[in-house]
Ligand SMILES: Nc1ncnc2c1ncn2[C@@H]1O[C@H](COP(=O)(O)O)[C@@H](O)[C@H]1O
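We begin with a single chain expressed as structure tokens, specifically the form predicted on its own.
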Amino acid sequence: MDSWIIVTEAGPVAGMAAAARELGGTVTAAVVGPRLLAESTAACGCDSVQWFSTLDSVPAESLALQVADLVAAASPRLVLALDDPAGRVLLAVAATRLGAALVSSVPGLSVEGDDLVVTRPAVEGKVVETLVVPGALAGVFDGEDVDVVSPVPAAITEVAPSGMAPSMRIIETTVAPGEAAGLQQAERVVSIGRGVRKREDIALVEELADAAHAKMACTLPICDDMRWYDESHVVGTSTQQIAPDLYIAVGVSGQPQHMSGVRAAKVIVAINNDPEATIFKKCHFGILGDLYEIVPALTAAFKRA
């Protein structure tokens, strides 16, 4: 069973290639972007790289039809893309061309007979859902990255432009106004999840953010369900993806929908009283305990620094 992976920006490409490798066939990468992205992908465990070069003024989405046609011509059993806006667009178009089942979250997969099996969290991690796909599968990869030991870089083939004029172009790039811009540029971010029990308790965490000279963020349920912050503070798959030097997650369980938004953070610190919380598998430093005791202690430490 052969597989393709679609790459439009840096991320857990090696993990995605390893997941595709579970099918046992070849893994081909379709890379849309600069040569450096193609070269880094070639060292991530795939067998070959089809590289689509783009100009700075042309977004990756403009090549969606050309990428989809190339993928469909190969008739792979599996197509995966990273969880980024352009990757999701290219994946959807490829899935349509291929006639594949489209799955929004693929942490990993396995093969049972002729079926592909995806086990993924659902309902904010409250249940585990198992999907069986008898035909072709296209999915957004949100699993863990892996280390590639002594990789032999795959061959890179540049794909010639189709000859058609780009369907869109970028005419201007500006910094977004408001709180969202602050999160994108922040070197330090403190975020809250459902572990914060009452709205009044936000002040406790905001004091930590002030002491750490950090911006405040939150998970999607804090915005959509609790209405404690507006959407400009939300970090996650469908909102903002940020890359601070330090990310402190307070009472955040660590579901893939949220963690995909902070994959690029240099240091992630998790504070949670549940030893089984998923975030402890995805952070650099974990503090197990009551946030109502830990946060004031951290605040005092930052104030002394």
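Bear in mind the structure is a predicted one, so any value in this text is a computation, not a measurement. Numbers for residues come from their place in the sequence shown, where the first is 1. Rigid core: the largest C-alpha set superposing within 1.5 Å between the two forms.
FYI, the form predicted together with the ligand isn't displayed, but the following is about it.
Asks: Counting only heavy atoms and a 4.5 Å cutoff, which of 224 to 232, 74 to 82, 98 to 106, 151 to 159 contacts the ligand in the predicted bound form?
Replies: Of the options, only 224 to 232 has residues within 4.5 Å of the partner.
Asks: May I ask you to state whether R169 is within 4.5 Å of the ligand in the predicted bound form, using heavy atom distances?
Replies: Looking in the predicted bound form, residue contacts with the ligand do not include R169, since no heavy atom lies within 4.5 Å.
Asks: Residue-level contact is defined here as any heavy atom of the residue lying within 4.5 Å of the ligand in the predicted bound form; does E206 satisfy this criterion?
Replies: Within the cut-off, so yes.
Asks: Taking the shortest heavy atom distance, is R199 within 4.5 Å of the ligand in the predicted bound form?
Replies: So R199 counts as contacting the ligand.
Asks: Does V190 show a Cα shift reaching 2 Å between this form and the one not shown after rigid-core superposition?
Replies: Passes the 2 Å threshold, so yes.
Asks: Once you line up the core, how about L204: does its CA shift reach 2 Å between this form and the one not shown?
Replies: For L204, whose C-alpha is compared between this form and the one not shown after core superposition, the shift is 2 Å or more.
Asks: Is it true that D115 shifts between this form and the one not shown by 2 Å or more at the Cα, once the core is aligned?
Replies: Comparing the forms between this form and the one not shown, which are aligned on their rigid core, D115 does not shift its C-alpha by 2 Å or more.
Asks: Looking in the predicted bound form, decide if the C-alpha atoms of G108 and I222 are closer or farther than in the form shown; they differ by 3 Å or more.
Replies: Relative to this form, farther apart in the predicted bound form.
Asks: Work out whether the Cα atoms of C218 and P85 come closer together or move farther apart in the predicted bound form than they are in this form, the change being 3 angstroms or more.
Replies: Farther: C218 and P85 separate by 3 Å or more in the predicted bound form.
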